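Next up: just one chain, as structure tokens, the form predicted alone.
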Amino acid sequence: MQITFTQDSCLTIPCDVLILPIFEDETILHPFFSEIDELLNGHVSSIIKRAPDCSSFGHLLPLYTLGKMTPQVVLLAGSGKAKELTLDKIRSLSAIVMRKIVDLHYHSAMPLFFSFEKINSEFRLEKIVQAVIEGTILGTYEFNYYKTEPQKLVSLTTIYFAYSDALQHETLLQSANKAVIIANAVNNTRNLVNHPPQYMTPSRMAQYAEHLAAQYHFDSQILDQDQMKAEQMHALLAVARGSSEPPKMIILTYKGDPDSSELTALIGKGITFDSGGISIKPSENMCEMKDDMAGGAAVLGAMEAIGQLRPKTNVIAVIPCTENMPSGNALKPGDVISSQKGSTIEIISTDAEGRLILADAVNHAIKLGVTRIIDVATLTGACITALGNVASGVLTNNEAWWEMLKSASLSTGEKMWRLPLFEEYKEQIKSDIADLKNTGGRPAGTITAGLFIAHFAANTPWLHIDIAGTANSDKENGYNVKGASGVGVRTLVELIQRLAHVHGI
């Protein structure tokens, strides 16, 4: 897709579709509204009066210009209430609009969204451009790898942006480039999660990681089973025992600031298929358990973007990958296992496996000298019960680290909600025969799972993001299409970029 910036009049741009935002507040009109309305013989204002619902958010109405101007269509884009507009809503509106344009079989478009600058001082043109491009790329994503006759949709080839100040040009180009990098990284993350489990095995994830390492000059290390044994990663290996697929521990290191001792760990759960093990899951919807590696995929997506944006900070990705399967060799409820840290764990449920592999990953990251940790995982069904499919749950042992994540997530529009780590909850994961139980039962299930991981993070600043409810979407919604969402990538990238300017957490 080509992105073109122009200072020419929008009425003469050689694009197929002109996107004209309209608000429920009729007093807020686009600067070109009157001119467009006059060229179309008052048709625009007439429609708005006769059908006021056309200004509700996401409502689209194409008007054919019949040669009155260069664009063939003026697409009225309902933008809702001006005071409720956010950058994330601009991102969503762009996705909705561009999908419609593709459905109408047009190739190029010009969103007249620069007028949004007057609504909110935060809506600088470069921010609007980034939101539009991200929404476009994310909202028109498709996964057709396994269709024998893929849908042959018309692709959007060109987006035009108008600007008035020549000094803005370089800033706008940088913003557009950043948007393309991040959105493509999200879509590649979606690909990883959408692939079926017989393809996206631990070995395949490791191959993809090595591809990223070669392309973006990361230091890489892929630990195999024997190396994990040597590292005493007993918890991860216990989960892997039931599968014929060999486990892998992926480690990628980006050195953006070699003179700094600061090192941030991005840790992602990589269960490429989760049957529940001996504590087997119900057969209904078990096919969805291919997405239990969405946390690991999000970390790989973030590293893909980081490798191109090159922020001045150091990052290490640690992704433990395995299947969780039942077999004669599988981990059993009632077993007691060890971990790399040395802590012993009583297995109450083999379906609480994600925290086991994360325990060894977190401890290994600390051994490698990290100064702060953030882990991302489809960890608990309890998080879906608590927060549904709207927000990811967050747990932390460090206020400053949480404030940075919260600010980054507000910027990207990926909703996150912090849950408490009260001391009383620790009672639920105390074992009578070992140091810890791997589950504290249904009550406060997300919190006790987080506390389990917190035990291994110890005093290192740590954040845990539970994306069980947000990793997948069962319907089209804004820039999220049906299937994997790629959640976490944009917030992780934003957080790492901010860390390039902040030290001491």
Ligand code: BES
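Numbers for residues come from their place in the sequence shown, where the first is 1. Just so it is clear, the model here is predicted, and its values are computed rather than measured.
One more form of this protein, predicted together with the ligand, exists but is not displayed; see below.
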Exercise. Are all three of His234, Glu346 and Asp360 close to the ligand in the predicted bound form, meaning a heavy atom of each within 4.5 Å?
Worked result: no
Seminar exercise, completed: Only one of 273 to 281, 85 to 93, 249 to 257, 394 to 402 sits within 4.5 Å of the ligand in the predicted bound form by heavy atom distance, namely 273 to 281
Exercise. Is there a heavy atom of Pro326 lying 4.5 Å or less from a heavy atom of the ligand in the predicted bound form?
Worked result: no
Exercise. Can any non-hydrogen atom of Ala468 be found within 4.5 angstroms of the ligand in the predicted bound form?
Worked result: yes
Exercise. Any chance Ile384 has a heavy atom within 4.5 Å of the ligand in the predicted bound form?
Worked result: yes
For this session: Would you check, heavy atoms only and a 4.5 Å threshold, whether Thr460 touches the ligand in the predicted bound form?
Result: no
Problem set entry | Listed residue (Ser79, Thr189, Thr136, Thr380) with a non-hydrogen atom within 4.5 angstroms of the ligand in the predicted bound form | Thr380
Seminar exercise, completed: Answer key: of Met289, Leu112, Ala408, Ala213, within 4.5 Å of the ligand in the predicted bound form (heavy atoms) is Met289
